[in-house]
Structures are given as structure tokens and as C-alpha cells.
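Quick setup: one chain, the form predicted alone, written in C-alpha cells, and binding and motion questions come after.
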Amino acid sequence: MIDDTDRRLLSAIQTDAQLTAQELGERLNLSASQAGRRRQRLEQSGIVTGARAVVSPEGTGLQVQAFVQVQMATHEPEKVRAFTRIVKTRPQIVSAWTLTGEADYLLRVYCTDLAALHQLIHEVILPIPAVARVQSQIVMDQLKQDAPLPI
């Protein structure tokens, strides 16, 4: 169970995961040790699962972001496992969701250029026997950056 103070703490660390216990305490009107204990409890309970740096895709040469919808030809467990194994191991695929509706999966991918996206789709994803159809949408602009959870 989380209370209002936990919610404020979670909001603060979603914005800046590097806040010290002292800084958190000042923001939450708690002592540094109380803020640190609350953070530790949220980590141990699995509510806070890690902290990451936000890296600019463009700054690392990843010029193309796309969403790739995948429709499966079969849902045979062994064939689906082959697909999920590839999804989990390809670094260009940064997140993946299972969906309801026409597409079975939605993949978010980052590639260096259109040729790399083409290669990922046509030489990696489409040859998987369980895959029936792939549809991609290239991101032209991201109007809103990935935001903290609305706690």
C-alpha cells in the first residue's frame, strides 16, 4: 500500500532518478533517513524496479524510430517462442507489447536509417515462420516524450 508521501516520492524520482535521500527529504518535508527508507521500501516491494539514464537516440546515430505491427500466422507455442526469442534479443527492438485486435504484437524500434529498418523487417522479422504480416509506421515527430506514470 502506498500513501500520498510515497506518491510524491515516486513522482519526484520518475523525473530525476538521481535525487539523493537528502534532496528527496527536502522535497517531501522528511528527514533524509526517512526519505531513504521509503525509497528503499518501494524498491524492495518491486514498485520501483530500477533507474535509467535518458539517452538521445539522435545523439547515438539512431535516426529512425518506428512502430511495427506484427500479425501472426500461427499461435503454436514453439513457433511463437522463436518469434519472442528474436524480439527479446534484437537491440533495435526497444519494447514490445501483445495486443488485442488485428495485430498480435506492437514493436517499438530504433534504427540508424531506413535501410537498417528495411533489413530488420525483411531479413529478421518476416522470415520467422510464425509471422504472417508486418506493417510499419515511421515516426515523423514525437509530440510528447515518454512521460512519468500519472501517480
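For every residue, the number given is its place in the sequence shown, counted from 1. For clarity, every value in this text was computed on a predicted model and none was experimentally measured.
Form predicted together with a further copy of the same chain: not shown, discussed below.
Just one of 119, 63, 95, 31 comes within 4.5 Å of a further copy of the same chain in the model of the complex, counting any heavy atom, and that one is 95.
At least one heavy atom of residue 102 is located within 4.5 Å of a further copy of the same chain in the model of the complex.
With a 4.5 Å cutoff on heavy atoms, residue 13 counts as touching a further copy of the same chain in the model of the complex.
In the model of the complex, a further copy of the same chain stays beyond 4.5 Å of every heavy atom belonging to residue 44. Within this chain, residue 57 lines the site of a further copy of the same chain in the model of the complex, having a heavy atom no more than 4.5 Å away. At a distance of at most 4.5 angstroms from a further copy of the same chain in the model of the complex, none of the three residues 72, 77 and 115 contributes a non-hydrogen atom.
Counting a residue when any of its non-hydrogen atoms is within 4.5 Å of a further copy of the same chain in the model of the complex, there are no hits in 23-39.
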